[in-house]
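Next up: a single chain in structure tokens, the form predicted alone.
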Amino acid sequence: MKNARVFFTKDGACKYISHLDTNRVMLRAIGKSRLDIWHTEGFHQHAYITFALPLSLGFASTCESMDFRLLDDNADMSAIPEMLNACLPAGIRVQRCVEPKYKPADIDSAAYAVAIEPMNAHDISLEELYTKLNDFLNQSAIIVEKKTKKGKKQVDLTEYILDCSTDFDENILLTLRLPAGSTLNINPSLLIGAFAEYCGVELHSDMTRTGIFTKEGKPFE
């Protein structure tokens, strides 16, 4: 058997497909494509696939990954994207298939691009919102309430923002990198929620995960 990892994008209406349903979509695509992969043993056998870092509902992504095992050691990995894309909805596209280089446990952070605008254009201008965004990010502390397995606790998000920049042309764009992985995961929604409270207006945000990185800062592959 040969380990395989496919990288795919998820956008459009498909960003509203939950992680569990994404799993189902991929299993159906694998079945329809007749891709010969390893199945679990036992009474209820099924194709075995895993995802490195489940994506939050409503997020788009350019860097999702899924692992499985090919039964044929000589299988042509370059043909797999086309095989799967023929069986997937338009909002999910497999970009490439490679042998895994890192383990999911090596994941340490993720990068996001967040487009921000007021829910009601009469509440605040984009120029004023952009100024407020930079003032907000330059605070010495950004305290939010974060849910944990043990309940809720207050955290200072400034301690977890690994990289951050803003841009304003026709739209306001916030790019940032936050901790992600099995031990610590900071959702950018926490930051946007805190910014909305800071502004005192309702905000609309489109979030896209653009990269996943290891502890050494290398792209997860």
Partner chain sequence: MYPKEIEKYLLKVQKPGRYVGGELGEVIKDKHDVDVRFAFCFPDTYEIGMSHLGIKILYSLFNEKPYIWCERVFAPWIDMEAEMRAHDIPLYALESGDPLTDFDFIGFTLQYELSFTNILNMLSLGGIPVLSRDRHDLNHIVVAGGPCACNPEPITDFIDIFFLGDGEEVDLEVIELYRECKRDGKSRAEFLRLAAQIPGVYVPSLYDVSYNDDGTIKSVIPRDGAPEKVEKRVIMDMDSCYYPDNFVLPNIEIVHDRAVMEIFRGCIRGCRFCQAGFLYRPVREKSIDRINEECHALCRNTGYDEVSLSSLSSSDYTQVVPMLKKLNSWAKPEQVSLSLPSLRVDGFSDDILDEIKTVRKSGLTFAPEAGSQRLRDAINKNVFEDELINTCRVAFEGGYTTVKLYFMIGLPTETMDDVAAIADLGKKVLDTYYSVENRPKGKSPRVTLSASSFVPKPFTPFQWEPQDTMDTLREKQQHIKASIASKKISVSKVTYNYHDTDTSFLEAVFARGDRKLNKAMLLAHQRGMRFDSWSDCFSLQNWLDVFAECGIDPAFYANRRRDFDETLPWDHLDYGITKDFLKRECERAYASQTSPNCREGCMNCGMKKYGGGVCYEKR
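Numbering follows the first chain given and starts at 1. Not measured: the values here are computed from a predicted model.
Beyond what is shown, the protein has a form predicted in complex with the partner chain; the following relates to that form.
Contact annotation: residue 193 falls outside 4.5 Å of the partner chain in the model of the complex, judged by heavy atom distances.
In the model of the complex, the partner chain sits within 4.5 Å of a heavy atom of residue 15. With a 4.5 Å cutoff on heavy atoms, residue 115 does not count as touching the partner chain in the model of the complex; it lies far away. The closest heavy atom approach of residue 21 to the partner chain in the model of the complex falls within 4.5 Å. Residues within 4.5 angstroms of the partner chain in the model of the complex, judged by any non-hydrogen atom, belong to 29-37 and to none of the other stretches in 61-69, 29-37, 154-162, 168-176. Contact here is defined as any heavy atom lying within 4.5 Å of the partner chain in the model of the complex, and by that definition not a single one of 79, 105 and 132 is a contact residue. The partner is absent here; in the model of the complex, the one residue of 126, 98, 119, 143 having a heavy atom within 4.5 Å of the partner chain is 119. Shown here without the partner chain, the chain has 57, 58, 86 in 47-86 lying with a heavy atom within 4.5 Å of that partner in the model of the complex.
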